[in-house]
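So this one's two forms of a single chain, laid out as structure tokens and tagged structure 1 and structure 2.
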Structure 1
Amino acid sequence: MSSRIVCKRILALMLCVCCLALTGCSGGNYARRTDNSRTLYIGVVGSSFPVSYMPWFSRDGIAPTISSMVFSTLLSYDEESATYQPALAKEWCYVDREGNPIVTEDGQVDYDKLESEYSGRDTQCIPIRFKLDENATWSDGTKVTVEDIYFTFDLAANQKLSNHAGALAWVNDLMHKYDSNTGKLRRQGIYTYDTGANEKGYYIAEEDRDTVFYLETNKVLGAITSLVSTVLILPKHQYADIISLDNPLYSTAPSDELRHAYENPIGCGAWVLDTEKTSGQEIVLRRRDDYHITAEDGSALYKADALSFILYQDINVAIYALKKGHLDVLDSSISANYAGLFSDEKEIALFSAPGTYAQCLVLNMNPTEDRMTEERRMLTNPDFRRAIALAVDQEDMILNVLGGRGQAMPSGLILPSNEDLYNPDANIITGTAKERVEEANAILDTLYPEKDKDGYRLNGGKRVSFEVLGSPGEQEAISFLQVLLQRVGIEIKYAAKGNSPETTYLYGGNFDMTIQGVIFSAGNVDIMFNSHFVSLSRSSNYGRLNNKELNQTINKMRTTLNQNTKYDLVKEISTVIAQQYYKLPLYVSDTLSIARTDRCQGWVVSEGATAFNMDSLENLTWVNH
């Protein structure tokens, strides 16, 4: 009997006993049933809640969600329209050497003119002009100004003062550079009225001194993306006087002043942290009435007055809490195993959204010599890697691991729905499942023809066996990989990632294989291709791929200012990626989520998101209000 069938049969029993586990949760779990306010109760599944709300710190669990709601970036990127939407900044444009906007008649970026203006060797960078929304304020009432912008980006570029390697990566394409040894500014790339904009030739009128600024970026079309949609802006008036070289922004032993700032964030987003009601079990955010972005009719952009995030360490307990009416929605996707539980529920809706990223099996291709083992040496052979790729049957995985709720990802790791970037020539794994297994076995018969009594291949008398690093939630996928690879005589074993897998295993290449989520789009290829396939430092290139041809093509793609050429190069790159047999796609899972409809309605299904998303918060209507 398969593990999936067993899971289904015991699921109801697990939920029946979950009521006992609820008794140990916070009192907030029961408040919803008697709450007539517009407070939304959101269940979060995780090991713990953050104790610090400095937005640059953690990218795990609920922390990024909270940070993005309390703080704000300059702009947001809309994948569907491939455009940047207002956030703290309400206007932006590339400018030519005379300071004129490089835009078409309808106000869009004129990429032909941009290429003509800056593709030559006589220019080193591209200037971008921004104008802040003059109504934007911090949650303590202080206006957001260009001083906050300069402070934030200057700090992100100064490793010695920020002590934050991630921030340095976010601003890698910003021309504002510090000397890594001395910590002194060696090139300015941020210009405001008071920091030399007019002297540089970037005109700013006196009346715009608090709202207009310029950034100089590398000549990379995607340079703007991470700068405007990743870097959360910090309040200068909260942090400037309490950080120094001896007391940097990120500290494991912060001063009392820094600790207070971490725990009492002054944000510029639509929500403010209710510090009195927030605890290790519950995070409460209250909607700011003075948020500068409103709905079209002038009303509040988001319809809930407050958000109560409640922690559960087990998905079964969280589901039970929602079924019993303690929650409105889960901020966690659910397994397809659970879908049948809600087919007859009148006040609970099950939502299925198309997935946006692929789960991949990453092979350790280039470990350092001190990390090399005989098993990992086998993975350096491209024929051996192709055999593994042929044995991975995505359709079978989707059926058995996802219950049919997902789609296959091409070997080039770009979905066909992404018409600008998709290249069908990157689909190099073809044929029926039977034909692919036959080809895989034919390859392996030439490499490791001997087998043991159980049918596993031998290398020098030792079973060919690999460990796959994974989290508990990935065990089912790894278990089915065991079935698939057994068909070609390769043994797979599950190995727990632990709490800090990047530092412990992945960055140093101390693993055989691992599961990794991958997503590439027009908005992120400049950063993500470099991170996943080029960089050999602390990046997402866990298996340390080092391919000169691929590196050169990625660099060419990054530096062209011709958008059509850029997209053509992405298509070429996807073919080269496929031929490496390095990140083998397993599936793209649909995002399944659940929400109650008895208190509020209007949940929106957004690609790759649960029912708890910003579109839902804009669209919800409240029953009996």
Structure 2
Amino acid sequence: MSSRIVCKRILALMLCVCCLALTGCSGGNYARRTDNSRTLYIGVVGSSFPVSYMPWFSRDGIAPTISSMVFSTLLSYDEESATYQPALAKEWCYVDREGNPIVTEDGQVDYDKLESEYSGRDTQCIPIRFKLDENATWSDGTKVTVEDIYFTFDLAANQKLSNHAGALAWVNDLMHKYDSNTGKLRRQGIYTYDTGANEKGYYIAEEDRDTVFYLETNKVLGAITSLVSTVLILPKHQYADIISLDNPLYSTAPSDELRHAYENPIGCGAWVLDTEKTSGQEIVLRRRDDYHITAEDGSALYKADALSFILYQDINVAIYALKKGHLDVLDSSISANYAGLFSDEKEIALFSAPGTYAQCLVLNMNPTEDRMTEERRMLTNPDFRRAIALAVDQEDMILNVLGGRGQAMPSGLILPSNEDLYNPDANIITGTAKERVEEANAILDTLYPEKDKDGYRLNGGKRVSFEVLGSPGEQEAISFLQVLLQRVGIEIKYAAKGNSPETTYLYGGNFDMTIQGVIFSAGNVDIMFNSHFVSLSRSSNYGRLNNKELNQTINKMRTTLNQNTKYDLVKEISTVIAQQYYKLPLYVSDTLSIARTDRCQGWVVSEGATAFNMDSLENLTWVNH
């Protein structure tokens, strides 16, 4: 009998527990619903959030975004006007050998003078003069001075102290070098008032000692890009005493002080990390009211008081959270399949921005002898490659794969919207789809006229068939490509990329074709052209294009000091690239993003951006205030 009672009691207890669970089960009561403040809730899709915020550590996930908001670079590059905007530094200019700024009358860089001054062999570097904004402060109130700048670049250049965190802060074009064996400074390239600027011939007045400094850079136009817009400046007063040879950056066993510094970042950006509210699932940034850059009317530049980034494991979860009102905006873009979810939603806006990233079909056009197969031998023939390029119908791909939400990329791999670099003559694949297929078939009929019973061409009795390496998400695209190439009698099949495709297949040239994303802009052509079309070792040049003339032109483009010449050369290169039929563009997908408009409005999207971006933050207006 007693056992029965015991059972009944257990059952009753369980029922109580269930009732508890059901209380308030309207789906949870996250802070968002009742929040009337100007905190923006942003959903981030990823597997984990960083636990430390050392800005040079990681390029993956949300870390670069957070770093760029908490810390600041010297300048920021504005894509639309193609100029550098002030960030930490108020002014900058190239200086000539007498120390005078190399500028035109309206304050722009005088590239002709720059070229004449420094192209000769008698100069080793170009000095650039910067003036910091004297109102710039760190989040703990200390002023930003040139000592922080010196410390930052010096640390980045010194591998012994910065490990590969320094490699992520790319200062290769700065002529400030340490000997990696002895750890001694081999060549100084940063000059402040206290470190011999005037002695070197770089004039700095006494009252400017805290704000003016000179950097000596490599003699390429691209040198300034990474130095001013990617290197995040570190506070000397937080790090200088902690970092030493025994306790370098990015060691696997950092000292407690170093760990403390990682987890409590002091930055000079517009935001400061709220360490109390931040956890492994949520990062909170609060706006700094003492940030030195303000909006034109003097009010704060960014219109949100705080930003709360919340981590979700899966995009579906994040979209659901936004639908329920727990988020204001998503950090990532969404697939076009979800567009239908929001057609009835009054309070959620769907934003579509033209994309900037082109998916391309990369042909292995120059495999090494030990990687050569019959199929790849066919790919070494430029006419064969042209036939494939003709068969690729971008409009068809956009319609089927993207549901119409995308645009075509010209064969020169530069979008028409990129006015400085776009060359209409590079667009050598023209004509209607039908005409192109006819031309392709004509070319292939001269090469491989025989066909088997399914309509595929035969090469020495064997069907012409290629494997296209792709990730599972690219299967659909490859399936549609299959149909397109079938029209010219070529067969392609999907092959799984596996886990580390670069090391397994791509760097060794051990593949037929693959899908690769490319994006070229004025800011990255120096690095990207080299990486995609010149470099033969462990680079994005999977198909091992090795064209001597092209290499020379690219090198000239990188080293010329005249921007106009540079852009002309880019246009020329664009045409040559198209003629190689090496990376065939498939489509440029639109960027789709969503944001709620019930708490705040004023979302703006520019090319390639999602709703959550700095422009939106500057433009937000709050509904309840």
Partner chain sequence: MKKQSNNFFLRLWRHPKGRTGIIIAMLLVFCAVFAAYLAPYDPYDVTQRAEKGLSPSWSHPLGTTITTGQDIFSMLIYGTRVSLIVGLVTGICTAFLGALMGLLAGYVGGFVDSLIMRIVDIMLVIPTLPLTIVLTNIFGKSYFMIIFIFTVFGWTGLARVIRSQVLVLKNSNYVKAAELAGASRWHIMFRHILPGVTHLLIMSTALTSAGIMVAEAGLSFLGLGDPTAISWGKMLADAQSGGALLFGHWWWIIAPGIGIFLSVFSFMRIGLALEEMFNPRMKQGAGVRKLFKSLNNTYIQGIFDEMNEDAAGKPADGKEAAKA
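Definition used throughout: the rigid core is the maximal C-alpha set that superposes within 1.5 Å between two forms. Since the model is a prediction, treat every value here as computed from it, not as a measurement. Numbers given to residues start at 1 and step along the sequence of structure 1.
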item	value
Selected structure - criterion: the form predicted alone	1
CA superposition split between the two structures, I577 and N366 in same rigid part	yes
Interdomain rotation between the two structures (smaller rigid part versus larger, whole °)	18
Between the two structures, how far the Cα of D396 shifts once the core is aligned, in Å	4.4
